[in-house]
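The chain that follows stands alone, in the form predicted alone, written as structure tokens.
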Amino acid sequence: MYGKGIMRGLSVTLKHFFQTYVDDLRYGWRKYSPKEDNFEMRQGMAAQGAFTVQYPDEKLAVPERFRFVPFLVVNEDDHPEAPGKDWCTSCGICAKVCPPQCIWIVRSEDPNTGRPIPEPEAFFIDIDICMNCGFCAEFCPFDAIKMDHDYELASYDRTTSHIHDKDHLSKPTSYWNRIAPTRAAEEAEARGGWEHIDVIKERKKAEKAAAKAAKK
């Protein structure tokens, strides 16, 4: 019969339409009451009819692999050896692989010798140009740049607030461990520890040197 699929689709729509009001009568004001935690109930498998997320008071949890504007990983402020130190070595790989070219890096230099120091003096990302592809985080050899979960970045001043500088981009390792615990654990296992890869290498060299000295 011609139009059978259309009628079947409309029947599903009507079913959800009426179930919405039945569900509202069942729970009454409790369904959307801010005093009661009914958000999981309305988002669960047992919910019927249409459901509404009362944004911004209610927010859906984003997946762990959700990606938005990148951020830079730095040590914790209470780190025993290098508090707040950047994991970024300003190698420039992220800027080279960035498709829209929205990353600018200024490498630090020794004021006495003029030689480059493996850490960024300045780091900028234009979030209006960033396409959130994640290439910068994927190609970073030091796990120093990650994709954030913060998607609420709208503002009325796009000329300054939408260009994130190093202070705005820098976030501690605990932040990455909190928003992406599974990925953080996988990366730490691949590096051989929770520290920066250079710190792990230096520690292994020191352990080898100590082992050789002990044998002598």
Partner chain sequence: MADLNLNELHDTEFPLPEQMHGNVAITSLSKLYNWSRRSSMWPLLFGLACCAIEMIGTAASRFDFSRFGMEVMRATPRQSDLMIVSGTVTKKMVVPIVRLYNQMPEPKYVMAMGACASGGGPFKEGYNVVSGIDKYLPVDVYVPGCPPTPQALLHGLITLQKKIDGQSLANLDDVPWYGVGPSEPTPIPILGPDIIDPRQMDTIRRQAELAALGQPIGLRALPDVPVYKPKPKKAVAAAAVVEEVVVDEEDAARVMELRQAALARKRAYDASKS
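Residue numbers count along the first chain shown, from 1. If you're wondering where the values come from, they're calculated on a predicted model, not measured in any experiment.
Keep in mind the form predicted in complex with its partner chain is missing from the figure; the text below concerns it.
With the partner left out here, check for me: in the model of the complex, does some heavy atom of A82 sit within 4.5 Å of its partner chain? A82: no contact with its partner chain in the model of the complex.
Using a 4.5 angstroms cut-off on non-hydrogen atoms, would L60 count as touching its partner chain in the model of the complex? Contact with its partner chain, yes.
Mark P100 yes when one of its heavy atoms lies within 4.5 Å of a heavy atom of its partner chain in the model of the complex, and no otherwise. The answer is yes: P100 has a heavy atom within 4.5 Å of its partner chain.
So, in the model of the complex, is R158 in contact with its partner chain at a 4.5 angstroms heavy atom limit? Within the cut-off, so yes.
Its partner chain in the model of the complex: contacted by all of E76, T173 and A190, heavy atom 4.5 Å: Not a single residue of the candidate spot has a heavy atom within 4.5 Å of its partner chain in the model of the complex.
Neighbours of its partner chain in the model of the complex among 134 to 172 [non-hydrogen atom within 4.5 angstroms]: Contacts from 134 to 172: Y151, E152, L153, A154, S155, Y156, D157, R158, T159, T160, S161, H162, I163, D165, H168.
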